[in-house]
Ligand SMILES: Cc1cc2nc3c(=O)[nH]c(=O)nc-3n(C[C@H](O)[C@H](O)[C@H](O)COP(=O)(O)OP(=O)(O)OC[C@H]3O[C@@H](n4cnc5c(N)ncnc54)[C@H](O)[C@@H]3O)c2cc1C
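Just one chain follows, in the form predicted alone, and it is written as C-alpha coordinates.
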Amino acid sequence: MSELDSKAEQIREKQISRFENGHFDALVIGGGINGAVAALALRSHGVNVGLFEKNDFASGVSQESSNLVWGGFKYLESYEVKLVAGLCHSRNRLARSYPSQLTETRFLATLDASSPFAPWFASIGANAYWAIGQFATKRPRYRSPRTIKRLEPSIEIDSLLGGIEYSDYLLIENDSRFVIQMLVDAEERGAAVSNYTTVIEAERVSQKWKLKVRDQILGKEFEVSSDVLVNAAGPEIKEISEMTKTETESHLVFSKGVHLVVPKVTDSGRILAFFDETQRLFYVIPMGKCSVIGTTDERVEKPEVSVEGADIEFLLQEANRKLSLSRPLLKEDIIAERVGVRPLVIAKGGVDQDKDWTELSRKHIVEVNRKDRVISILGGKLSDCLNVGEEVVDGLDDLGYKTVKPSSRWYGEPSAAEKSIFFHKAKEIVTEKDSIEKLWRRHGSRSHEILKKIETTPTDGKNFSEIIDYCPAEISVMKDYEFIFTLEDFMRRRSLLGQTIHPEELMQDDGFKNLKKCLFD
(Lines give C-alpha, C1' and ligand atoms only; values in the text may rest on other atoms or scores of the structure.)
Protein backbone atom coordinates (compact mmCIF):
# COMPACT_ATOMS: atom_id res chain seq x y z
CA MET A 1 0.00 0.00 0.00
CA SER A 2 1.13 3.53 -0.76
CA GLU A 3 1.93 5.89 2.08
CA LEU A 4 -1.13 7.82 3.22
CA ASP A 5 -1.28 11.57 3.54
CA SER A 6 -2.43 12.88 6.93
CA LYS A 7 -6.03 13.44 5.87
CA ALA A 8 -6.35 9.95 4.37
CA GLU A 9 -4.86 8.45 7.52
CA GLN A 10 -7.40 10.29 9.66
CA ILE A 11 -10.24 9.03 7.49
CA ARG A 12 -8.93 5.48 7.76
CA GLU A 13 -8.48 5.68 11.53
CA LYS A 14 -12.09 6.83 11.83
CA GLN A 15 -13.31 3.93 9.68
CA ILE A 16 -11.45 1.31 11.70
CA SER A 17 -12.40 2.85 15.06
CA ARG A 18 -16.02 1.96 14.31
CA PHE A 19 -15.06 -1.71 14.37
CA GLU A 20 -12.45 -2.06 17.11
CA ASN A 21 -13.78 -4.18 19.98
CA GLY A 22 -17.31 -3.40 18.82
CA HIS A 23 -20.37 -5.62 18.54
CA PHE A 24 -22.76 -5.78 15.58
CA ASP A 25 -26.06 -7.42 14.84
CA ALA A 26 -24.55 -8.72 11.60
CA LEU A 27 -21.14 -8.70 9.96
CA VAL A 28 -20.84 -9.15 6.20
CA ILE A 29 -17.71 -10.73 4.73
CA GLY A 30 -17.24 -9.72 1.11
CA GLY A 31 -17.52 -6.36 -0.66
CA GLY A 32 -18.86 -7.33 -4.08
CA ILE A 33 -22.41 -6.75 -5.25
CA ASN A 34 -23.88 -9.37 -2.89
CA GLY A 35 -22.11 -7.95 0.14
CA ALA A 36 -22.89 -4.36 -0.83
CA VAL A 37 -26.61 -4.91 -1.32
CA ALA A 38 -26.77 -7.00 1.87
CA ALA A 39 -25.15 -4.21 3.91
CA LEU A 40 -27.40 -1.53 2.39
CA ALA A 41 -30.57 -3.57 2.85
CA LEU A 42 -29.76 -4.60 6.41
CA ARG A 43 -28.80 -1.11 7.54
CA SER A 44 -31.91 0.37 5.90
CA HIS A 45 -33.99 -2.12 7.91
CA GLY A 46 -32.54 -0.98 11.23
CA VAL A 47 -29.76 -3.54 11.57
CA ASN A 48 -26.42 -2.56 13.09
CA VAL A 49 -24.19 -3.95 10.33
CA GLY A 50 -20.52 -3.96 9.41
CA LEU A 51 -18.74 -5.20 6.27
CA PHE A 52 -15.18 -6.34 5.56
CA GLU A 53 -13.53 -6.77 2.16
CA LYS A 54 -9.97 -8.15 2.06
CA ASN A 55 -9.13 -6.37 -1.21
CA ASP A 56 -10.70 -3.26 -2.68
CA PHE A 57 -14.47 -3.17 -2.93
CA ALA A 58 -15.84 -4.76 -6.13
CA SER A 59 -12.38 -5.99 -7.11
CA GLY A 60 -13.42 -9.54 -7.94
CA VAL A 61 -16.35 -10.79 -10.00
CA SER A 62 -18.09 -7.43 -9.57
CA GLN A 63 -15.54 -5.59 -11.72
CA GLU A 64 -15.50 -8.09 -14.57
CA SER A 65 -19.10 -8.16 -15.77
CA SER A 66 -20.45 -7.03 -19.12
CA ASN A 67 -22.05 -3.99 -17.39
CA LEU A 68 -25.46 -5.26 -18.51
CA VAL A 69 -28.54 -5.17 -16.32
CA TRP A 70 -30.85 -7.60 -18.04
CA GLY A 71 -33.66 -10.03 -17.41
CA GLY A 72 -31.93 -13.15 -18.68
CA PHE A 73 -33.33 -13.48 -22.20
CA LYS A 74 -31.11 -16.50 -22.89
CA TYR A 75 -32.62 -18.44 -19.95
CA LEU A 76 -35.85 -18.75 -21.89
CA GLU A 77 -33.96 -21.25 -24.03
CA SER A 78 -33.99 -23.65 -21.05
CA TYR A 79 -37.58 -22.65 -20.13
CA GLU A 80 -36.61 -20.96 -16.86
CA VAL A 81 -39.60 -18.63 -17.00
CA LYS A 82 -39.76 -18.10 -13.23
CA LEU A 83 -36.09 -17.08 -13.11
CA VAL A 84 -36.53 -14.69 -16.05
CA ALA A 85 -39.63 -13.14 -14.46
CA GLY A 86 -37.71 -12.54 -11.23
CA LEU A 87 -34.72 -11.06 -13.06
CA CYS A 88 -36.97 -8.79 -15.14
CA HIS A 89 -38.76 -7.60 -12.02
CA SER A 90 -35.44 -6.74 -10.37
CA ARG A 91 -34.16 -5.17 -13.60
CA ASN A 92 -37.22 -2.95 -13.86
CA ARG A 93 -36.89 -1.83 -10.25
CA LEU A 94 -33.22 -1.00 -10.76
CA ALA A 95 -33.99 0.97 -13.92
CA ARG A 96 -36.72 2.98 -12.20
CA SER A 97 -34.62 3.58 -9.11
CA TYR A 98 -31.31 4.46 -10.77
CA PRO A 99 -32.45 6.36 -13.89
CA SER A 100 -29.23 8.37 -14.15
CA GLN A 101 -26.99 5.31 -13.97
CA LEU A 102 -28.90 2.82 -16.11
CA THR A 103 -29.92 3.49 -19.67
CA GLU A 104 -32.28 1.45 -21.81
CA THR A 105 -30.19 0.11 -24.68
CA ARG A 106 -31.20 -1.66 -27.84
CA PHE A 107 -29.71 -5.09 -28.57
CA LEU A 108 -29.41 -6.17 -32.19
CA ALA A 109 -29.08 -9.95 -32.32
CA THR A 110 -28.19 -11.26 -35.77
CA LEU A 111 -28.94 -14.80 -36.95
CA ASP A 112 -27.52 -16.91 -39.77
CA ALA A 113 -27.73 -20.54 -40.85
CA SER A 114 -25.36 -21.63 -38.06
CA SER A 115 -27.42 -19.95 -35.31
CA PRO A 116 -29.47 -22.20 -33.02
CA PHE A 117 -32.71 -20.37 -33.86
CA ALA A 118 -34.45 -19.10 -36.98
CA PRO A 119 -35.38 -15.39 -36.99
CA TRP A 120 -39.11 -16.16 -36.72
CA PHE A 121 -38.56 -18.29 -33.62
CA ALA A 122 -36.24 -15.71 -32.05
CA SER A 123 -38.91 -13.08 -32.71
CA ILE A 124 -41.45 -15.13 -30.72
CA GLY A 125 -38.92 -15.46 -27.89
CA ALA A 126 -38.16 -11.72 -27.91
CA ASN A 127 -41.84 -10.81 -27.65
CA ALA A 128 -42.35 -13.36 -24.88
CA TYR A 129 -39.38 -11.83 -23.05
CA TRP A 130 -40.91 -8.38 -23.51
CA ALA A 131 -44.20 -9.60 -22.05
CA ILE A 132 -42.53 -11.36 -19.11
CA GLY A 133 -40.71 -8.09 -18.47
CA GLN A 134 -44.12 -6.38 -18.12
CA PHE A 135 -43.67 -4.39 -21.35
CA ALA A 136 -41.28 -2.07 -19.48
CA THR A 137 -39.03 -1.49 -22.50
CA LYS A 138 -39.46 -0.63 -26.17
CA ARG A 139 -41.08 -3.34 -28.24
CA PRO A 140 -38.87 -5.90 -30.03
CA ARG A 141 -38.64 -5.69 -33.81
CA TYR A 142 -37.60 -8.08 -36.54
CA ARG A 143 -34.82 -6.68 -38.75
CA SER A 144 -34.06 -7.87 -42.27
CA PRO A 145 -30.43 -8.21 -43.46
CA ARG A 146 -30.86 -5.07 -45.55
CA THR A 147 -32.15 -3.06 -42.59
CA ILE A 148 -29.38 -4.41 -40.37
CA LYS A 149 -26.78 -3.16 -42.83
CA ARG A 150 -28.41 0.25 -42.92
CA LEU A 151 -28.59 0.48 -39.12
CA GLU A 152 -25.20 -1.08 -38.41
CA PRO A 153 -22.74 -0.88 -41.32
CA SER A 154 -20.11 -2.60 -39.18
CA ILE A 155 -22.01 -5.92 -39.27
CA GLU A 156 -21.14 -8.54 -41.89
CA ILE A 157 -24.46 -9.51 -43.53
CA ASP A 158 -23.43 -11.92 -46.32
CA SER A 159 -24.71 -14.99 -44.48
CA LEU A 160 -27.44 -13.34 -42.39
CA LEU A 161 -31.03 -14.55 -42.36
CA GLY A 162 -32.21 -11.62 -40.27
CA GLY A 163 -32.11 -10.34 -36.74
CA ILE A 164 -34.06 -9.24 -33.68
CA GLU A 165 -33.84 -5.86 -31.98
CA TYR A 166 -34.95 -5.70 -28.34
CA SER A 167 -34.13 -3.75 -25.18
CA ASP A 168 -32.39 -4.25 -21.86
CA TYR A 169 -30.27 -1.91 -19.73
CA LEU A 170 -26.63 -0.86 -19.57
CA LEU A 171 -24.66 0.76 -16.75
CA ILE A 172 -23.37 4.07 -18.11
CA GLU A 173 -20.36 4.18 -15.79
CA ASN A 174 -19.30 0.65 -14.77
CA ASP A 175 -20.21 -2.31 -12.59
CA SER A 176 -17.67 -1.74 -9.84
CA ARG A 177 -18.62 1.92 -9.40
CA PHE A 178 -22.27 0.93 -9.03
CA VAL A 179 -21.30 -1.48 -6.24
CA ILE A 180 -19.09 1.06 -4.49
CA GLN A 181 -21.81 3.72 -4.61
CA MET A 182 -24.11 1.24 -2.87
CA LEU A 183 -21.50 0.77 -0.13
CA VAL A 184 -21.02 4.52 0.25
CA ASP A 185 -24.81 4.85 0.63
CA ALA A 186 -24.78 2.08 3.25
CA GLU A 187 -22.07 3.86 5.25
CA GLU A 188 -23.89 7.19 5.09
CA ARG A 189 -26.91 5.44 6.61
CA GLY A 190 -24.80 4.17 9.48
CA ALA A 191 -23.19 0.93 8.32
CA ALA A 192 -19.49 0.39 9.09
CA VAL A 193 -17.67 -0.72 5.94
CA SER A 194 -13.98 -1.19 5.20
CA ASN A 195 -11.91 -2.40 2.26
CA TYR A 196 -8.43 -3.90 2.62
CA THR A 197 -9.43 -5.61 5.87
CA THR A 198 -8.84 -9.35 6.10
CA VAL A 199 -10.73 -11.62 8.47
CA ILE A 200 -7.98 -13.93 9.74
CA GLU A 201 -9.94 -15.80 12.43
CA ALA A 202 -13.63 -16.40 13.06
CA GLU A 203 -14.92 -18.40 16.03
CA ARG A 204 -18.33 -19.02 17.55
CA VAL A 205 -18.07 -18.29 21.29
CA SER A 206 -20.94 -17.89 23.78
CA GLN A 207 -23.59 -17.60 21.07
CA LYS A 208 -21.63 -14.86 19.30
CA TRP A 209 -19.21 -14.69 16.40
CA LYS A 210 -15.80 -13.31 17.37
CA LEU A 211 -13.55 -12.19 14.55
CA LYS A 212 -9.90 -11.20 14.42
CA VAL A 213 -9.28 -8.79 11.55
CA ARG A 214 -6.17 -7.29 10.00
CA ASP A 215 -6.27 -3.77 8.56
CA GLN A 216 -3.84 -3.81 5.63
CA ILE A 217 -3.75 -0.01 5.32
CA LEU A 218 -2.67 0.88 8.87
CA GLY A 219 -1.00 -2.48 9.52
CA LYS A 220 -2.90 -3.28 12.71
CA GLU A 221 -5.10 -6.07 14.02
CA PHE A 222 -8.31 -5.76 16.01
CA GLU A 223 -11.23 -7.83 17.24
CA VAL A 224 -14.94 -7.46 16.63
CA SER A 225 -18.04 -9.56 17.32
CA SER A 226 -21.52 -10.05 15.93
CA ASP A 227 -24.68 -12.09 16.41
CA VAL A 228 -24.87 -13.14 12.76
CA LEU A 229 -22.35 -13.63 9.94
CA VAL A 230 -23.25 -13.00 6.31
CA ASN A 231 -20.96 -14.93 3.97
CA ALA A 232 -20.92 -12.86 0.77
CA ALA A 233 -17.45 -13.87 -0.37
CA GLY A 234 -18.55 -14.79 -3.89
CA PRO A 235 -16.25 -17.39 -5.46
CA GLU A 236 -14.39 -17.66 -2.13
CA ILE A 237 -17.48 -18.54 -0.12
CA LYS A 238 -16.07 -22.03 0.56
CA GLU A 239 -12.92 -20.58 2.13
CA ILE A 240 -15.01 -18.53 4.58
CA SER A 241 -17.14 -21.60 5.33
CA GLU A 242 -13.99 -23.55 6.16
CA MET A 243 -12.68 -20.75 8.38
CA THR A 244 -15.96 -20.58 10.30
CA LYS A 245 -16.33 -24.39 10.35
CA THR A 246 -19.75 -24.11 8.75
CA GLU A 247 -21.08 -25.64 5.54
CA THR A 248 -23.45 -24.63 2.77
CA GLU A 249 -25.90 -27.10 1.31
CA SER A 250 -25.41 -25.64 -2.17
CA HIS A 251 -22.11 -25.46 -4.02
CA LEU A 252 -20.52 -23.43 -6.80
CA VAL A 253 -18.89 -24.26 -10.10
CA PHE A 254 -17.01 -21.63 -12.07
CA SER A 255 -17.18 -20.41 -15.64
CA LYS A 256 -14.34 -18.20 -16.84
CA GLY A 257 -15.35 -15.20 -18.91
CA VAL A 258 -13.05 -12.88 -20.85
CA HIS A 259 -13.86 -9.53 -22.47
CA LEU A 260 -11.52 -7.33 -24.50
CA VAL A 261 -11.80 -3.54 -24.64
CA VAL A 262 -11.09 -2.19 -28.14
CA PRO A 263 -11.64 1.08 -30.06
CA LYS A 264 -15.31 1.87 -30.69
CA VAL A 265 -16.90 -0.47 -33.23
CA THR A 266 -20.24 1.34 -33.71
CA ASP A 267 -21.45 4.88 -32.98
CA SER A 268 -25.11 3.85 -32.69
CA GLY A 269 -25.01 2.98 -29.01
CA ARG A 270 -26.55 -0.43 -29.73
CA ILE A 271 -25.28 -3.66 -28.26
CA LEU A 272 -24.51 -6.07 -31.08
CA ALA A 273 -25.18 -9.74 -30.37
CA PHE A 274 -24.09 -12.79 -32.37
CA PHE A 275 -23.79 -16.51 -31.83
CA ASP A 276 -20.16 -17.62 -31.81
CA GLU A 277 -18.90 -20.95 -33.16
CA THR A 278 -19.93 -22.66 -29.89
CA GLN A 279 -23.45 -21.20 -30.27
CA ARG A 280 -22.96 -19.00 -27.23
CA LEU A 281 -24.05 -15.36 -27.41
CA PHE A 282 -21.17 -13.02 -28.21
CA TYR A 283 -21.53 -9.27 -27.68
CA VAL A 284 -20.10 -5.94 -28.78
CA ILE A 285 -20.98 -3.58 -25.92
CA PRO A 286 -20.43 0.18 -25.56
CA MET A 287 -18.06 1.29 -22.78
CA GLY A 288 -17.38 5.00 -22.74
CA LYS A 289 -15.61 5.83 -25.98
CA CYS A 290 -14.70 2.17 -26.55
CA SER A 291 -16.34 -1.18 -27.25
CA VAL A 292 -16.15 -4.39 -25.24
CA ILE A 293 -16.15 -7.69 -27.13
CA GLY A 294 -16.86 -11.04 -25.53
CA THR A 295 -17.41 -13.19 -23.70
CA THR A 296 -15.80 -16.62 -23.46
CA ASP A 297 -17.27 -19.52 -21.48
CA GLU A 298 -14.83 -22.05 -20.07
CA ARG A 299 -15.20 -24.37 -17.09
CA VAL A 300 -12.47 -23.80 -14.51
CA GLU A 301 -11.88 -25.45 -11.16
CA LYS A 302 -10.65 -22.40 -9.23
CA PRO A 303 -11.72 -18.74 -9.23
CA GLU A 304 -8.19 -17.45 -9.89
CA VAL A 305 -8.09 -16.90 -13.65
CA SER A 306 -6.17 -14.89 -16.23
CA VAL A 307 -6.43 -13.98 -19.89
CA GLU A 308 -4.61 -16.51 -22.07
CA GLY A 309 -3.41 -16.16 -25.63
CA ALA A 310 -6.10 -18.59 -26.78
CA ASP A 311 -8.79 -16.36 -25.24
CA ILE A 312 -7.56 -13.32 -27.15
CA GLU A 313 -7.26 -15.27 -30.40
CA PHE A 314 -10.80 -16.66 -30.05
CA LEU A 315 -12.41 -13.29 -29.29
CA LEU A 316 -10.63 -11.46 -32.10
CA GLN A 317 -11.44 -14.24 -34.52
CA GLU A 318 -15.14 -14.18 -33.65
CA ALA A 319 -15.31 -10.39 -33.81
CA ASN A 320 -13.61 -10.27 -37.21
CA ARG A 321 -15.84 -13.08 -38.49
CA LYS A 322 -19.04 -11.27 -37.56
CA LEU A 323 -18.01 -7.67 -38.23
CA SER A 324 -17.24 -5.83 -41.44
CA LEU A 325 -14.60 -3.30 -40.39
CA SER A 326 -12.23 -1.16 -42.45
CA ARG A 327 -9.49 -3.48 -41.15
CA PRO A 328 -9.55 -6.51 -38.82
CA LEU A 329 -9.13 -6.05 -35.09
CA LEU A 330 -5.60 -6.97 -34.01
CA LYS A 331 -3.91 -7.63 -30.68
CA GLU A 332 -2.38 -4.17 -30.91
CA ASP A 333 -5.90 -2.68 -30.78
CA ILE A 334 -6.63 -4.09 -27.33
CA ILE A 335 -6.83 -1.30 -24.76
CA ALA A 336 -7.65 -3.43 -21.73
CA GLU A 337 -8.73 -6.91 -20.68
CA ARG A 338 -11.49 -8.06 -18.35
CA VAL A 339 -11.44 -11.56 -16.90
CA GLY A 340 -13.39 -13.15 -14.09
CA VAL A 341 -15.45 -16.16 -13.11
CA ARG A 342 -19.18 -16.56 -12.98
CA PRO A 343 -20.17 -18.44 -9.81
CA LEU A 344 -22.87 -20.91 -10.90
CA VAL A 345 -24.98 -22.51 -8.19
CA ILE A 346 -25.59 -26.22 -7.80
CA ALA A 347 -28.43 -26.54 -5.30
CA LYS A 348 -28.64 -29.38 -2.81
CA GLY A 349 -29.57 -32.51 -4.75
CA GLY A 350 -29.02 -30.68 -8.04
CA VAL A 351 -27.04 -31.54 -11.14
CA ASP A 352 -23.68 -33.26 -10.66
CA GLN A 353 -20.72 -30.88 -10.72
CA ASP A 354 -19.03 -32.75 -13.56
CA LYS A 355 -21.77 -32.71 -16.15
CA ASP A 356 -24.23 -30.30 -17.75
CA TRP A 357 -22.55 -27.36 -16.02
CA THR A 358 -23.12 -25.11 -19.06
CA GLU A 359 -26.86 -25.45 -18.49
CA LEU A 360 -26.63 -23.81 -15.09
CA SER A 361 -28.03 -20.28 -14.94
CA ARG A 362 -26.93 -17.26 -12.91
CA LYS A 363 -29.60 -17.80 -10.26
CA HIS A 364 -28.76 -17.17 -6.63
CA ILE A 365 -29.50 -19.00 -3.39
CA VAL A 366 -29.56 -17.40 0.06
CA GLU A 367 -29.06 -20.08 2.71
CA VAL A 368 -29.83 -19.59 6.40
CA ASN A 369 -27.93 -21.73 8.90
CA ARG A 370 -30.00 -21.43 12.07
CA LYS A 371 -27.66 -23.50 14.21
CA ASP A 372 -24.57 -21.36 13.58
CA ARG A 373 -26.43 -18.15 12.67
CA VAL A 374 -24.82 -17.74 9.29
CA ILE A 375 -26.45 -16.43 6.12
CA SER A 376 -24.65 -17.45 2.91
CA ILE A 377 -25.20 -15.93 -0.53
CA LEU A 378 -24.30 -18.17 -3.45
CA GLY A 379 -24.32 -17.16 -7.11
CA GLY A 380 -26.39 -14.29 -8.46
CA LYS A 381 -25.65 -11.31 -10.63
CA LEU A 382 -25.96 -7.55 -10.54
CA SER A 383 -29.36 -7.59 -12.26
CA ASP A 384 -30.81 -9.58 -9.37
CA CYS A 385 -29.17 -7.68 -6.53
CA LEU A 386 -32.33 -6.16 -5.02
CA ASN A 387 -33.86 -9.59 -4.60
CA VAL A 388 -30.66 -10.72 -2.87
CA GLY A 389 -30.79 -7.80 -0.44
CA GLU A 390 -34.38 -8.48 0.52
CA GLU A 391 -33.77 -12.20 0.97
CA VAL A 392 -30.87 -11.46 3.34
CA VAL A 393 -33.19 -9.27 5.43
CA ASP A 394 -35.74 -12.10 5.43
CA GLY A 395 -32.95 -14.45 6.53
CA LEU A 396 -32.18 -12.27 9.53
CA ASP A 397 -35.87 -12.24 10.43
CA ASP A 398 -35.81 -16.02 10.16
CA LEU A 399 -33.03 -16.06 12.75
CA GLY A 400 -35.26 -14.18 15.19
CA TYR A 401 -34.04 -10.63 14.61
CA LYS A 402 -36.94 -8.21 14.18
CA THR A 403 -35.95 -5.87 11.38
CA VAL A 404 -37.65 -2.51 10.93
CA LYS A 405 -39.38 -1.73 7.67
CA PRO A 406 -37.93 1.52 6.28
CA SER A 407 -40.26 4.49 5.82
CA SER A 408 -39.04 4.97 2.25
CA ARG A 409 -37.42 2.89 -0.47
CA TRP A 410 -34.15 1.41 0.80
CA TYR A 411 -32.33 1.60 -2.55
CA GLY A 412 -32.04 4.03 -5.44
CA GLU A 413 -30.96 7.55 -6.31
CA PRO A 414 -31.96 10.66 -4.33
CA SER A 415 -35.43 12.07 -4.93
CA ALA A 416 -36.47 13.90 -8.09
CA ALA A 417 -36.90 17.04 -5.98
CA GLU A 418 -33.27 16.93 -4.80
CA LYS A 419 -32.11 16.32 -8.35
CA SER A 420 -34.12 19.32 -9.56
CA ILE A 421 -32.56 21.55 -6.90
CA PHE A 422 -29.08 20.42 -7.91
CA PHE A 423 -29.65 20.96 -11.63
CA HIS A 424 -31.13 24.41 -11.01
CA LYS A 425 -28.11 25.47 -8.93
CA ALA A 426 -25.59 23.77 -11.22
CA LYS A 427 -26.78 25.72 -14.27
CA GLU A 428 -25.53 28.89 -12.58
CA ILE A 429 -22.06 27.44 -12.04
CA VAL A 430 -21.41 24.73 -14.67
CA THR A 431 -22.03 25.76 -18.26
CA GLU A 432 -22.18 22.37 -19.98
CA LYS A 433 -25.35 20.30 -19.54
CA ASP A 434 -23.42 17.06 -20.10
CA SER A 435 -21.10 17.92 -17.21
CA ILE A 436 -24.05 18.57 -14.89
CA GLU A 437 -25.66 15.24 -15.77
CA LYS A 438 -22.31 13.47 -15.36
CA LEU A 439 -21.78 14.91 -11.87
CA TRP A 440 -25.23 13.81 -10.75
CA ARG A 441 -24.87 10.35 -12.26
CA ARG A 442 -21.52 9.75 -10.61
CA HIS A 443 -22.10 11.32 -7.23
CA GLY A 444 -25.80 11.84 -6.47
CA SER A 445 -26.24 13.83 -3.25
CA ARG A 446 -22.48 14.36 -3.00
CA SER A 447 -22.71 16.47 -6.15
CA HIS A 448 -23.78 19.39 -3.95
CA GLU A 449 -20.39 19.36 -2.22
CA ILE A 450 -18.61 19.27 -5.57
CA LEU A 451 -20.67 22.23 -6.73
CA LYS A 452 -19.70 24.26 -3.65
CA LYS A 453 -16.02 23.61 -4.32
CA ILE A 454 -16.38 24.69 -7.95
CA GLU A 455 -18.29 27.80 -6.89
CA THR A 456 -15.47 28.73 -4.48
CA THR A 457 -12.65 27.87 -6.91
CA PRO A 458 -13.92 27.80 -10.52
CA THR A 459 -10.66 26.30 -11.85
CA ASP A 460 -11.36 23.18 -9.78
CA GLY A 461 -14.32 22.51 -12.08
CA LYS A 462 -12.18 22.10 -15.19
CA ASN A 463 -11.30 18.59 -16.36
CA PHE A 464 -7.70 17.49 -15.90
CA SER A 465 -7.36 17.05 -19.67
CA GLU A 466 -9.27 16.14 -22.82
CA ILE A 467 -8.96 12.43 -22.09
CA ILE A 468 -9.52 12.62 -18.31
CA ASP A 469 -13.07 13.84 -17.76
CA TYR A 470 -12.71 14.39 -14.02
CA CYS A 471 -12.00 17.66 -12.25
CA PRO A 472 -10.14 18.46 -8.99
CA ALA A 473 -13.40 19.21 -7.16
CA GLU A 474 -14.69 15.71 -7.97
CA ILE A 475 -11.48 14.03 -6.83
CA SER A 476 -11.50 15.95 -3.56
CA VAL A 477 -14.98 14.68 -2.68
CA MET A 478 -14.23 11.16 -3.91
CA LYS A 479 -11.19 11.02 -1.60
CA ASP A 480 -13.45 11.86 1.34
CA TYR A 481 -16.11 9.24 0.65
CA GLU A 482 -14.96 6.46 -1.68
CA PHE A 483 -12.21 4.55 0.18
CA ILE A 484 -9.48 5.20 -2.42
CA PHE A 485 -6.08 3.94 -1.29
CA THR A 486 -4.26 3.04 -4.51
CA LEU A 487 -4.16 4.42 -8.02
CA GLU A 488 -5.77 1.23 -9.31
CA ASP A 489 -8.70 1.76 -6.94
CA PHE A 490 -9.51 4.94 -8.82
CA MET A 491 -8.47 4.02 -12.36
CA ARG A 492 -10.01 0.54 -12.46
CA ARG A 493 -13.02 0.70 -10.12
CA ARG A 494 -14.03 4.31 -9.33
CA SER A 495 -13.77 5.31 -12.99
CA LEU A 496 -13.53 3.91 -16.51
CA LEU A 497 -10.17 5.56 -17.20
CA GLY A 498 -8.02 2.48 -16.64
CA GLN A 499 -10.17 0.46 -19.04
CA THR A 500 -10.82 2.91 -21.85
CA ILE A 501 -7.54 4.80 -22.28
CA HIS A 502 -4.38 3.08 -23.47
CA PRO A 503 -1.64 3.14 -20.78
CA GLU A 504 0.87 4.80 -23.12
CA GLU A 505 -1.58 7.61 -23.84
CA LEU A 506 -2.14 8.11 -20.12
CA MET A 507 1.58 8.26 -19.35
CA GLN A 508 2.06 11.04 -21.89
CA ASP A 509 -0.84 13.11 -20.56
CA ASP A 510 -0.01 15.99 -18.20
CA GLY A 511 -3.52 15.81 -16.77
CA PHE A 512 -2.83 12.28 -15.58
CA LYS A 513 0.16 13.50 -13.59
CA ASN A 514 -1.98 16.21 -11.99
CA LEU A 515 -4.69 13.66 -11.24
CA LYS A 516 -2.23 11.47 -9.32
CA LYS A 517 -1.04 14.47 -7.31
CA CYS A 518 -4.62 15.40 -6.48
CA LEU A 519 -5.36 11.85 -5.35
CA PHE A 520 -2.33 11.23 -3.16
CA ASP A 521 -0.56 14.52 -2.30
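Bear in mind the structure is a predicted one, so any value in this text is a computation, not a measurement. Quick note: we count residues from 1 along the sequence shown, nothing fancier.
Another form, the form predicted together with this ligand, is not on view; read the next lines as being about it.
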Per-stretch contact check against this ligand in the predicted complex, the hit in 443-451, 263-271, 380-388, 321-329 (non-hydrogen atom, 4.5 angstroms): 380-388
This ligand in the predicted complex: contacted by all of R43, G50 and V224, heavy atom 4.5 Å: no
Of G133, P140, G86, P235, the one that lies within 4.5 Å of this ligand in the predicted complex (heavy atoms): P235
Heavy atom within 4.5 Å of this ligand in the predicted complex - residue from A126, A426, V341, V345: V341
Partner contact for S495 in the predicted complex: this ligand, 4.5 angstroms, heavy atom: no
4.5 angstroms heavy atom contact with this ligand in the predicted complex for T295: yes
Proximity of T198 to this ligand in the predicted complex, heavy atoms at 4.5 Å: yes
4.5 angstroms heavy atom contact with this ligand in the predicted complex for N463: no
Contact set, 389-417 vs this ligand in the predicted complex - heavy atom within 4.5 angstroms: none
